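Single chain ahead, written as structure tokens, the form predicted alone.
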Amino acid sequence: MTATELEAPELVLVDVPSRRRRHPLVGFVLRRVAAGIATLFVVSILLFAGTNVLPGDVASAVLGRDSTPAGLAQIRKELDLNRPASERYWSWLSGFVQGDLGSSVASQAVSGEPTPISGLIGDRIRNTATLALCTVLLLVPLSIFFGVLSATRAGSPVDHAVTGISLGLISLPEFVTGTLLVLLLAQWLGLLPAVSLIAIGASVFTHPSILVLPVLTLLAASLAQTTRMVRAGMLEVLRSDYVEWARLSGHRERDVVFRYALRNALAPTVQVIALNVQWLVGGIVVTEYVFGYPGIGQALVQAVSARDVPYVLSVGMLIAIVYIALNVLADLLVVLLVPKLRTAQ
């Protein structure tokens, strides 16, 4: 055999398109969204079942003591309430999925004309969102400030004062806090209006003073709870090995606190803030009732009293969507804040 024949055959490299790997966070978000959709479906069933087990219906709520069997039957026929519950549920759900919130049967029973729910709740959603946004804009910086202040001065009079006030505020129900604020700032000092009444369709910013007492009431319990979470997280992180190493390396205490400790301490706090925002967006029913604030929570209570099932279902589902969206956002922020969670996805 010749030397040429003994030579190794030439290797030919073939381009094989590599499979593009999906970012781990994309899979995480998709799983959370899928779980959220399944949760919404369960919530819709529970809401419909809950509204249908309430005694009476919109016909009896409208007619009241003057109701007669013939009158009740007539209104139920006009409002299409005689259909089986399963048909009414699927009819409402299919419309909701397509963006149709339906019509208020309570308004239709009174006026005779179907009134779209989207037109009834637009201003109320804006009012509740404004109240929640003002509270959150104060909640986040104040809770971080007081939590860090208390943790970095653990055992000092400042720490004891912040902890004591926080425990006191957490123990008070919202209606008690609101009543005390009305008594102090509205009745005794006369600085602010006791109720938050505004004209239908008017902006709450035309009279900003009506926001002060509701915001302070909501801020009290939320701020106390979030401050305690920030303090607990900061204390744990400040005692960790890498923070001690940063101190021994000659870093200033301010850099140690804000560059190394605060970021990791904020991870559990993000979910607490999200829970507080969920509670705020969810209606703030007690606070809106105490101050007569025209928000979505107050409207939801009125709809339950009137047995307005489509109104309750649509508003309840909108609140559930906000809850789930905030949960997904909070989980994503936690993963972004903590690198080891990001690599584990």
Partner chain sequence: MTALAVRLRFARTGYGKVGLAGSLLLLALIAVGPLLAPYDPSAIAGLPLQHASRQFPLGTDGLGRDVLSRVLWGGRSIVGLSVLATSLAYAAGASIGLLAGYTKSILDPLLMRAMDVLLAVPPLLFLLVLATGAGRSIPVLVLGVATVHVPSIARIVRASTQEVATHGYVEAAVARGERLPALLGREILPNVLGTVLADAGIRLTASILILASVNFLGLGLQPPAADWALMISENRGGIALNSLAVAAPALLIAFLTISVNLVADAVARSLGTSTDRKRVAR
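Numbering follows the first chain given and starts at 1. A quick note: this is a predicted structure, and the numbers were derived from the prediction, not measured.
The same protein has a further form, the form predicted in complex with the partner chain, not shown here; the description that follows concerns it.
Counting only non-hydrogen atoms, choose the one of 251-259, 86-94, 140-148, 185-193 that falls within 4.5 Å of the partner chain in the model of the complex.
-> In short, 185-193.
Should Ala246 be counted as a contact of the partner chain in the model of the complex, where contact means heavy atoms within 4.5 Å?
-> Close contact is absent here: in the model of the complex, Ala246 is far from the partner chain, nothing within 4.5 Å, heavy atoms only.
Partner proximity in the model of the complex: Phe28 to the partner chain, non-hydrogen atom cutoff 4.5 Å = Phe28 lies outside the contact set for the partner chain.
Looking in the model of the complex, any heavy atom of Leu211 within 4.5 Å of the partner chain?
-> Contact with the partner chain, no.
Given that the partner is absent here, does Ala274 sit within 4.5 Å of the partner chain in the model of the complex, heavy atoms only?
-> Ala274: no contact with the partner chain in the model of the complex.
So which of Ile125, Val270, Ala154, Ala221 reaches within 4.5 angstroms of the partner chain in the model of the complex, heavy atom to heavy atom?
-> Exactly one residue meets the criterion: Ala221.
Considering only 158-191, what residues come within 4.5 Å of the partner chain in the model of the complex, judged by heavy atoms?
-> The stretch touches the partner through His160, Thr163, Gly164, Leu167, Gly168, Ile170, Ser171, Leu172, Pro173, Glu174, Phe175, Val176, Thr179, Leu180, Val182, Leu183, Gln187, Trp188.
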